Ligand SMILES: NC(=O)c1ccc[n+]([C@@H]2O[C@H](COP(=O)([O-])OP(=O)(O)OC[C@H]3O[C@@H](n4cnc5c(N)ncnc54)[C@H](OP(=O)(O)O)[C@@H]3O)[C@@H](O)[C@H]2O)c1
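In structure tokens, one chain follows: the form predicted on its own.
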Amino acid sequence: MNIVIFGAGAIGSLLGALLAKKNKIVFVGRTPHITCIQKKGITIKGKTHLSFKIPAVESAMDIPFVADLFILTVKSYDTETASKEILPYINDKTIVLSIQNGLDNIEKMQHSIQKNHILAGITMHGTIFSKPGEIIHTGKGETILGELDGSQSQRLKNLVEVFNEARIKTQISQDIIKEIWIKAIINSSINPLTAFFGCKNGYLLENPLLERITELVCKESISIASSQGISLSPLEIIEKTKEVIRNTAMNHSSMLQSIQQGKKTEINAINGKLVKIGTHHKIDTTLNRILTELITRLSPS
């Protein structure tokens, strides 16, 4: 396939590097990461070891081929801008796959892109942006892709096969929106705590107080999800959250990395969105509200 990784940061670079073994890939991202890739190629260290040249550009207008697939891995707050930028390069058969954090990316994409072009996915791989041109793969996890309507289309099956051939362990979901909610609940319980305390994911289970707070945030987020018709078992999701923490114990969450780099975080697309939904349905959002306010004060606007 001709695949564009649009927003080639940590997770996008990992996925693109793995997919490049059997597909034609181009990265679209920001300087100086793209400049470094153009000069020296991309290097993946940690759980995966790869180092090779991949075409990289800074604008959609410089993409050197007609894309079969855009994988959108930009930060949630850049989703609308990215959707508008790629719109002129979408033809009748182009797939746009969102693999992003946050609860409102699909809604944002549909402001520009027709729904029939959009697929969604989540991944639990842990990555750290080490330096321009270098990514550390800190933890392996599942990747799940799905059609928005839950159908098992041929294009979805083909895409899952492409991912699995690249050794990105991937499965089909018949309810990808539910999977996005589960990922958001997990992120709401891990990312802001690690960002505020400046710790690796694993420390949340090493510190009994933080482990308890993680559980309480998880329960509150699950309660908010139920107002949207997303029925989840608190025990199962809390255990799944802890499993993610164990699998990515040495990882710095993407939110912590944003704080460390002086960049805007995705707090409003995760905990902030949960607060809005919960408040609308008159559900207690105390913990998510506190975390949103704490991270907002730490990060640039």
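Superpose the two forms; the largest set of C-alphas matching within 1.5 Å is the rigid core. Keep in mind it's a predicted model, so treat the numbers as computed, not measured. Counting begins at 1, following the sequence as shown.
This next part talks about the form predicted together with the ligand, which is not shown.
**Student:** Counting only non-hydrogen atoms, choose the one of 70 to 78, 167 to 175, 209 to 217, 149 to 157 that falls within 4.5 Å of the ligand in the model of the complex.
**Tutor:** Looking at the other structure, the answer is 70 to 78.
**Student:** Looking in the model of the complex, is the ligand within 4.5 Å of a heavy atom from each of Trp181, Ile230 and Pro234?
**Tutor:** No: none of Trp181, Ile230 and Pro234 comes within 4.5 Å of the ligand in the model of the complex.
**Student:** Would you check, heavy atoms only and a 4.5 Å threshold, whether Asn201 touches the ligand in the model of the complex?
**Tutor:** So Asn201 does not count as contacting the ligand.
**Student:** With the cut-off set at 4.5 Å between non-hydrogen atoms, does Thr123 touch the ligand in the model of the complex?
**Tutor:** Residue-level check for Thr123: yes, a contact with the ligand.
**Student:** Given that the ligand is not shown alongside this chain, does Glu85 nevertheless sit within 4.5 Å of it in the model of the complex, heavy atom to heavy atom?
**Tutor:** Glu85: yes, in contact with the ligand in the model of the complex.
**Student:** Classify Ile11 as contacting or not contacting the ligand in the model of the complex by the rule of any non-hydrogen atom within 4.5 angstroms, answering yes or no.
**Tutor:** Yes - in the model of the complex, heavy atoms of Ile11 and the ligand come within 4.5 Å of each other.
**Student:** Could you check which residue among Val275, Val28, Leu256, Ile37 gets a heavy atom within 4.5 Å of the ligand in the model of the complex?
**Tutor:** The residue from Val275, Val28, Leu256, Ile37 that makes the contact is Val28.
**Student:** Scan 93 to 117 and write down, in order along the chain, each residue with a heavy atom lying within 4.5 Å of the ligand in the model of the complex.
**Tutor:** The stretch touches the partner through Ile99, Gln100, Asn101.
**Student:** Rigid core aligned, does the Cα position of His252 differ by 2 Å or more between the shown form and the other one?
**Tutor:** Yes, shifts by 2 Å or more.
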